[in-house]
Structure formats: C-alpha cells, structure tokens
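Presented below, as structure tokens, is a lone chain in the form predicted alone.
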C-alpha cells in the first residue's frame, strides 16, 4: 500500500505542473493588469513601465511562470495588483477565504455522502418500493435545480421563518447575510444556536445536489452488485440478508461513488461560489469574483492553484480508497 501511495504521489507532481502552467498561460492571456493605470490622467509610460518591471509582467511568459513557480513553492504567492487596492498578500487572502469555504464544503459533502450512500443502499435493497420511488423523485428534482436557485429559495424561506420567530417574540435563528463577524461567543447552548443557524441554509444549498448524485449512483451500483454472481453464491450458502449486503455487496458498490465524490470537488467549488454570493460569505467565491472583476492575475493564480491542488489531493484520496476497497487495484 505504501508503494502504491508513493507512486500515485509521484504521478500527481507532473499533473500539477502541467495544470499550473496552463492556468498561468490562461490568466496571462486574459489582458493587461496595468490597462486601467495606463488610462489614468497624469500617468506616464515611464511610470507604467516601472511598475510593470517591479511586478515582472514585462518578461516573457515562460520566464514569468518560472519566477512564479519558484516563488510559490517557497511560500511567496505574490501580492494583489488590482488598481486602487491595497497590496494584499495573496497567500493570506486565499488561505483565509479557503478556511471560510472549507467550513461549508467539508460539512456539506460529508453530510451528502453519508445520506446519499444510506438512501442509495436502502433504495436498492427496497427496489420499486414507495421509498425507492420517493427517493428517485426527490433526487431528480434536486438535479433539475441549479445551486443558486436552491440557495435563493432557501434564503427566502429562511427570512420568512425568521420573521415568524420574531412575531412570536423569539430570537432570529437562521443567518442569511454571512457568518457573525465576532465569531461564536457565549455559553454552549448559545454557541450551538448561532452555529447551527449560520451554517444550516448554505450547507443545505451545497448538500442537496451532491446528495442527489450520490444517492442515484449508489443505488445503481448497489443494484448491479446485488445481481452479481458472487452475491448470488453468498445467498445460496445461506448467509443472512444483512451479511450479504454489508459484508459482500456494499464494499464493492462504494467504488463508483468514491469516483464521483473525487471528481465532484471542482463542481463543489463552483457551487460554493454561487452559494457564498447569495448568503454573503467572504470565501473563495468572493475572492474569485473580485479577482476576475478587477483582473488581478496573482489572486487568480492563487485561487486556481488551490482548486487544482484540492482536485489532485481528493483524486489521490480516491485512488487510495480504491486500493483499500479492492486490493486488486494496488496489485495491478
């Protein structure tokens, strides 16, 4: 297993290099970060060239990429070059935003995986039952709705629910405009009240579509596994239904869902962008929108590299889980 993990890690390095190079070329080709400065009255070409030289944007693309890469691996992600903005450190901005987004994404995906796998297995075991038809209908309904629509609907109902609580003399519970700036303070019950109210709606927004995908994939994979020869053999030997399902069928049926969860990382970040905009969270979505609007190449590269590393890391985790679920993979 250790050799298998090391081999997968070594394969990930060139993938990241190619991904960062393509991202760098794409970002560099979007435009000139100093175009707005050139249009300002009183700014001479000498001023522009001096700033371009200090930022390194006057060099050839390969030289610029090498300078960026060597600085990046040493922990220097550069500074923001957005006109009129403070020269913010990219590493600090992106990592702070990543922590905000991670709080939403990790809990939402764990919840989606647990519920999706459980519902998928139960729907497969009770095929064509009322539960199966209900789960299928709800999954297709979630599939048909974009994540920003789900977020807007949940926010609207959250506001109405808060108004109802206020009319009854109770405190507002659901937060619809970002997490509290002062953090979660107070007693244990007060912290739980604030924390649950802050995370409930955006977490549900990110969770629902992933849950629908995981439940459908788990159901289809479980049905295929339940009709396989080795499961029929296990039943013919007189094993109980629970032992057949959880000891023999469930493990193999998880492999497609693990694949989907690993490939779903990029989509989750996309959904987080929209969800954060709806609920007013200053996470990775806000960083991307601001960097694109102001064309801040260093900030864009920081965002893209974090997402690329996340995708590679989760695919590496998926490869390791494959090897655990099916030892033939690591021996191949």
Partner chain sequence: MADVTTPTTPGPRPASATAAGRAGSGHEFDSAKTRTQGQIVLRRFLRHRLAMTSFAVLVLLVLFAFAGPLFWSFSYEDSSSGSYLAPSGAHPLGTTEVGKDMLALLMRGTQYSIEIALVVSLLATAMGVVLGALAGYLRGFVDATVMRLVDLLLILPYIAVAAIIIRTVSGSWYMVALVLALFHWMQIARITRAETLSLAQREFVEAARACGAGTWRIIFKHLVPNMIGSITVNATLTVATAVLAEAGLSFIGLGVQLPDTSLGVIVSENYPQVVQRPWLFWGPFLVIVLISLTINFIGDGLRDAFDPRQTKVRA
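Predicted model only: the values in this text are computed from it and were never measured. Numbering follows the first chain given and starts at 1.
Keep in mind that the form predicted together with its partner chain is missing from the display, and what follows is about it.
Proximity to its partner chain in the model of the complex holds for all of 23, 149 and 295, with the criterion being a heavy atom within 4.5 Å. In the model of the complex, no heavy atom of residue 246 sits within 4.5 Å of its partner chain. At a distance threshold of 4.5 angstroms between non-hydrogen atoms, residue 141 is in contact with its partner chain in the model of the complex. Under a 4.5 angstroms non-hydrogen atom cutoff, its partner chain in the model of the complex has residue 263 among its neighbouring residues. Although the partner is absent here, residue 193 sits far enough away that none of its heavy atoms falls within 4.5 Å of its partner chain in the model of the complex. Only one of the listed residues (258, 213, 113, 119) places a non-hydrogen atom within 4.5 angstroms of its partner chain in the model of the complex, and that residue is 213. Here the chain stands alone, but in the model of the complex its contact with its partner chain, taken as any heavy atom within 4.5 Å, falls in 125 to 133 among 125 to 133, 234 to 242, 105 to 113, 67 to 75. Taking a 4.5 Å heavy atom cutoff to its partner chain in the model of the complex, the contacting residues in 291 to 315 are 292, 293, 295, 300, 303, 304, 307, 308, 311, 312, 315.
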